[in-house]
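The chain below stands alone, shown as structure tokens; this is the form predicted on its own.
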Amino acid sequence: MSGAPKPMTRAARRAARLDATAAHLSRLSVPQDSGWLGRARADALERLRTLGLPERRDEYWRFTDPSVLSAETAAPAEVFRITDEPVVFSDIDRLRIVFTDGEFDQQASDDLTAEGLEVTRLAEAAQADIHWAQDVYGKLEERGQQPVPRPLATLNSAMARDGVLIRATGKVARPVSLIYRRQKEAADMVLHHVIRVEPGAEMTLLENGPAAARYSIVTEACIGAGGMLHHVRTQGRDHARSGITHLFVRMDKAAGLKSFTLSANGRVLRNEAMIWLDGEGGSAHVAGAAMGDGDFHHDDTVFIDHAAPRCESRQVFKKVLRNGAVGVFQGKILVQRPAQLTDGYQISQSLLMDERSQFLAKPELEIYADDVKCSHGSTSGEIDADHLFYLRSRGVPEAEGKNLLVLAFLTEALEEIARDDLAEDVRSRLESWLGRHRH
């Protein structure tokens, strides 16, 4: 009788991973571009062949199974049928850029010209011999492979057929609104956006819509000295969908970033952010609010790298989970030796509405400078019975009282949205979701 098979060595596991990745890539239809984009795609494919696709045993995937996100085809997902509820941001004056099932929808989009903005589609820019985006596309994603590999972002760099390239040269009054519409049950969307905020410029980027049965969106952004990027994203409606997003941002001296994501529904969602504070006096705020019900799995993975002195960062993530939903937070603040007088803050909290729901957190600090102020915390809990009793004693029905306490819990994350009209619009989506998911 033979003994149990010997476990695979690390070298054998790596070889098997790379072989599986090569086989996976051989079955994909890689876009064939020439010029600068063709070179960027070739570089990304070579990186991916070296990295390999992610596996559950990887340290930063142990809480989330990547198989649904890296499968060769997307599993069909039922399309959410629009109700009478108004679409988020619909009352905001904005420049609308629409993608339907991952393809640019010219008829539904506005004219892509605006004062202080240069907007080009990736598919069109690929035809140019030289474009400003060639210094960014795939470059920040490549930098983001250290210290943690992000191979699904690399796959996106190789495979994305479209996206928008936005260059802000002044203070842009109207937000740029990326709208992801969906019609097909098996739509598989891969988009890659590049943003450049020139020194002293300012712009707001909005994202919303059900997108696809599965989607991958990579955004690479460079913010020049004294520039400011506001980013507000909502992910909701279609529950059966899955998706992954990557936000890579490099920031120069005194640059600012405020990014907020609202997530409601979705079987498997992962939002990654990698921020580099390369210039003195920069400020990066990344926040999120997530509400999940049932077979909902939501993962926020954030890495902020302080490389310059006198910079500030905030990570504020709140999740409300019920009926067995799962929330994940993996956040890290790295303070390099030159980054004296750093102010780093990180908080991740969950409100568990029942005993079956889970919150899995991995907060990290790695500090090499000696004059810093950094803090992190992570907590899970249930609705405070005393607070609920107080509201009920004042005549507030129990279901309404719970919703009020949930909104209060999420307030710190909502406060990271700078514009009051956007914050109020997002808050109304929260209230609508809570109204549909009362106990």
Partner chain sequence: MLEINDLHVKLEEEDKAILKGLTLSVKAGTVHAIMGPNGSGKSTLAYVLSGRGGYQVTGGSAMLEGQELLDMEPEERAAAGLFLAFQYPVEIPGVGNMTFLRTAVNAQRKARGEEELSSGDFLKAVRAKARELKIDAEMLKRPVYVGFSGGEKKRNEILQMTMLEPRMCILDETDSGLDVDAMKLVSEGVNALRDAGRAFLVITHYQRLLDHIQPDVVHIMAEGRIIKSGGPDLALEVEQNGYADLLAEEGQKA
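Positions refer to the first chain, counted from 1. Everything numeric in this text was worked out from a predicted model, so none of it was measured.
If you look for the form predicted together with the partner chain, you will not find it shown, but the lines that follow are about it.
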query: Gly38 near the partner chain in the predicted bound form, any heavy atom under 4.5 Å?
result: no
### Message
Just checking whether Glu400 would be counted as a contact of the partner chain in the predicted bound form - the rule being heavy atoms within 4.5 angstroms.
### Response
yes
Query raised in the report: Can any non-hydrogen atom of His387 be found within 4.5 angstroms of the partner chain in the predicted bound form?
Result: yes
* Is there a heavy atom of Thr379 lying 4.5 Å or less from a heavy atom of the partner chain in the predicted bound form? -> no
With a 4.5 Å heavy atom cut-off to the partner chain in the predicted bound form, the contacting stretch among 406-414, 368-376, 65-73, 42-50 is 406-414
